[in-house]
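As a starting point, one isolated chain is supplied in structure tokens, in the form predicted alone.
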């Protein structure tokens, strides 16, 4: 029996706009509208609007829930201020990554969690199973109640400010506000200064019944600023240029956060699930690390391609693509530690053709922002 695909509140707009629709994590999503390179460069120079409503959204609240999050995630939850946002992870006791998530603090013991669409059901079950038996916490999956869109690019604030009340203050990085949009619908949006592209940008959680109106208002506000709708294809190339990990490719339940270069998001001064495993790994040595590489010749690396030093296999590509900004093949790979030095050369086996590559410092794409 054919699986019934979910549709976001903005599905009709994508189809009417001529988007190429593809199945993604059980959802029908726009892959591209005018082509990945074109959309990618538009976000880098102007602004782009993404529908990312497929990502899971959970509300977690109740007295003492901040202490629970402090234990269940490795990041410094205690440092979060009201209306702050924090990148974090859910870890297994053995240190493996269940998912990487974003946490938004809406108030005392009131949080919004945004999780990867492919892990939404798994994450909800994991959190539910680990809620304290004597707690009065409320965990709700509110994904279907809203849309989630990302407005990204150097002109994103110029666009966004036009649909907000006059005089609205620009939102600081990793902060959010809850505000009505300009047409006075009475419907509040959560607007966060976060994103997955490396550009200045915002992510908006919008009530489902006004999602199309807000999307159309943003597109109209950005018409003279060069805004375009952007699909998942460009979202992937944009995040790769920033060396942001993609769950299922660069990190998964077999991945240790330290190998993935995510130590800066871990607070070893507190107790959290998986801490002992991570400390033991530190003591024994990581064995491998996630490196960034650029091809020195033509080709496009892809996930699964093998990495060699001379004729010795030393790793495997996890993410790879053609970079529209750098105009060359780039990728990330787990490589044995002795072969991870920046500036070192490796060989990537691309469908039987061995292509030379150099290890570079992340991110690939560097820009003052």
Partner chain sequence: MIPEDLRYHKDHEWVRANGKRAVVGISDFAQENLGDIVYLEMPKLGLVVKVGDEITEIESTKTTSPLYAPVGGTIVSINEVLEDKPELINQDAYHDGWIVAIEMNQPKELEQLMTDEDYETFLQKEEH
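Residue numbers count along the first chain shown, from 1. Values in this document were obtained by computation on a predicted structure and should not be read as measured data.
Not on display, but discussed next: the form predicted in complex with its partner chain.
Participant: Can you tell me whether residue 26 touches its partner chain? I mean in the model of the complex, with a 4.5 angstroms heavy atom cut-off.
Facilitator: Result no; residue 26 lies far from its partner chain in the model of the complex.
Participant: Residue 64 near its partner chain in the model of the complex, any heavy atom under 4.5 Å?
Facilitator: Close contact is absent here: in the model of the complex, residue 64 is far from its partner chain, nothing within 4.5 Å, heavy atoms only.
Participant: Using 4.5 Å between non-hydrogen atoms, is residue 60 touching its partner chain in the model of the complex?
Facilitator: No - in the model of the complex, heavy atoms of residue 60 and its partner chain never come within 4.5 Å of each other.
Participant: Look up in the model of the complex whether residue 96 has a non-hydrogen atom within 4.5 angstroms of its partner chain, and give yes or no.
Facilitator: No, residue 96 stays farther than 4.5 Å from its partner chain in the model of the complex.
Participant: Answer with one of 340, 300, 55, 49: the residue that has a non-hydrogen atom within 4.5 Å of its partner chain in the model of the complex.
Facilitator: Of the candidates 340, 300, 55, 49, 300 is the one lying within 4.5 Å of its partner chain in the model of the complex.
Participant: What stretch, of 29 to 37, 64 to 72, 330 to 338, 307 to 315, brings heavy atoms to within 4.5 Å of its partner chain in the model of the complex?
Facilitator: Flagged stretch: 29 to 37.
Participant: Output the sequence-ordered list of residues from 321 to 349 with at least one heavy atom within 4.5 Å of its partner chain in the model of the complex.
Facilitator: Heavy-atom contacts to its partner chain in the model of the complex: 321, 322.
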